[in-house]
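Heads up, the chain below is alone and in the form predicted alone; it's given as structure tokens.
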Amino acid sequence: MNYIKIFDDIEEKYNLKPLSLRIEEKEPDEIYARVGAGDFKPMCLAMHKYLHSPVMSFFAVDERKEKGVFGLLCAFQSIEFKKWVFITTEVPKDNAEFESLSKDIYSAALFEREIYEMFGIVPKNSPDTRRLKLHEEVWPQGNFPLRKDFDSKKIKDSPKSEHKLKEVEGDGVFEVAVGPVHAGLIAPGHFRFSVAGEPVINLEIHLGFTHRGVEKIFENLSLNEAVSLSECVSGDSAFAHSWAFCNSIEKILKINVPENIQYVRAVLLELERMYNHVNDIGGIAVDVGFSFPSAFASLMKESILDLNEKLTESRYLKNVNAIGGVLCDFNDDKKQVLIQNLEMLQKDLNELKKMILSNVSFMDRADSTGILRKNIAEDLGVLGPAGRASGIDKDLRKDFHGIYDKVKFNSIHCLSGDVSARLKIRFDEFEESIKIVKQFLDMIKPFESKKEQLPKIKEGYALGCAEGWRGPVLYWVKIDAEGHIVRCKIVDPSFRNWEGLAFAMPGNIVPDFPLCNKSFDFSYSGNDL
């Protein structure tokens, strides 16, 4: 069945037809369908229902200088056809508004708030137009930093206002405020619990305190500078972010990355997944006061970081990815080291599972705590391990597999959606990663590192992706004819997934929050771009 059936069926069922349809040449996994402004919302709704896809990315581009308009792009995924489907439209610069999607597609809500605060494009009839990252208390109204004519030295002053959190009223309801400053080394975030007696009845999460303007910093960078910046977007996902960025540029420039290099990238991506998963397992244990397995997990994490350094000279896999290749070599000695470490890690994992899963008091805390229901997770667009623990069996390694179709592994998912499920997902995915690495190791042929020569630069845009350990990492990148970044839209899985924690807390008690929070373990920096 051809992908064009998507649009034929939508035209027949909803009487909607795109103004234009374009398939990316040679990399046929992207479809761009341009529609008129009036058809943008109906087409997005139709695509959301037809593909059973949340909004995967939704962003604006400033094309006022070239075309006199803003562009809007809303992305969905078609797992059946292995394609990214973009619905695009134009917004006049003199009437910068569009009909809000978020009443009908909740997974569009955060993206719309971001578009409004970064570009000043109004989502008409939106139920929530509050600031998301540029807080009202510090950022003056009328300044839109992702517009091309924004000048950071000429920020217009205006009265500040207070960010309004949702209020819950009723007899006996009181609020518990946590943060934004926390004990320990974690980043700032504000959590407002509304509590009746002991149970939490609402949790509102306010982030953005460490917003760094990453997408603005990307603008005008050279390609190599941008690779380095992508590694710093979310430090514990450095490899996934740099791979997704490189993937977008490789698609634009039609660079055919050798399969041998892709195998190495897959091995390193799995190592990044493994050290983070075991770190979370230890974190979940310590949050119920089970310190010995936590210490044991820390040793496992350290052994993987040490392994990373032996393989790439970087514990956190930075300065490894490059456009068209990798900057580390690979020989038989490294393969042998990797094999020995995998055997040791498998034994350690078995010990860790025995310690944790056989402990009745620990499992009593984890079972039925912090449940995120599947239907809510689907509405929010929660993906990655957090989504798979709630029964959403989606994984870019399976759904947009690339080289992953050359190895056998199981896509892990659970149905209970509680802390226990999120713990099990991490244990099982760790084991699957060991299987994946072993299979790719058999395929890798030794090679020496070399700097790849880029082909002639040309302007263009494309979406790069990687299934990071928290979920899908997406980079939509547009470059000009000189190879400078024009627009870089990043979606870290934490951006869409933080809301899942808010919906998992009601019914639990405040002291369960650290346990629930750690079982999700989202990234502040991945959200506060």
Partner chain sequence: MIEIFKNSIRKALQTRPLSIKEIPVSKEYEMLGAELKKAIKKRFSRSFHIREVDTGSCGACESEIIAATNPIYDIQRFGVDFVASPRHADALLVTGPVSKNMELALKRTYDAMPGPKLVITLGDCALDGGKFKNSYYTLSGVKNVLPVSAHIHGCPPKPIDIVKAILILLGKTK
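Positions refer to the first chain, counted from 1. None of the values given here were measured: they were computed from a predicted structure.
This next part talks about the form predicted together with its partner chain, which is not shown.
**Asked** Thinking of its partner chain in the predicted bound form, which stretch from 405-413, 383-391, 453-461, 352-360 has heavy atoms inside 4.5 Å of it?
**Response** Of the options, only 352-360 has residues within 4.5 Å of the partner.
**Message:** Whether D379 contacts its partner chain in the predicted bound form should be assessed with a 4.5 Å heavy atom distance threshold; does it?
**Reply:** Answer no; every heavy atom of D379 is more than 4.5 Å from its partner chain in the predicted bound form.
**Message:** Can you tell me whether P199 touches its partner chain? I mean in the predicted bound form, with a 4.5 angstroms heavy atom cut-off.
**Reply:** Although its partner chain is absent here, P199 would stay clear of it in the predicted bound form, with no heavy atoms inside 4.5 Å.
**Message:** So, G324 and its partner chain: in the predicted bound form, are they within 4.5 Å at any heavy atom pair?
**Reply:** No, G324 is distant from the partner.
**Touches its partner chain in the predicted bound form: S234 (any heavy atom, 4.5 Å)** = Judged by the heavy-atom cut-off of 4.5 Å, S234 is in contact with its partner chain in the predicted bound form.
**Prompt:** Only one of S222, S368, N125, S303 has a non-hydrogen atom within 4.5 angstroms of its partner chain in the predicted bound form; which is it?
**Reply:** None of the others qualify; the residue that does is S303.
**The unique member of H182, K335, K435, K148 whose heavy atoms fall within 4.5 Å of its partner chain in the predicted bound form** = Here the answer is residue option H182.
**Message:** Please determine whether each residue of H211, V214 and Q340 possesses a non-hydrogen atom within 4.5 angstroms of its partner chain in the predicted bound form.
**Reply:** Every residue of the spot touches its partner chain in the predicted bound form.
**Item:** Any residue of 148-166 that, in the predicted bound form, places a heavy atom within 4.5 Å of its partner chain
**Value:** In sequence order, F150, S152, I155 come within 4.5 Å of the partner.
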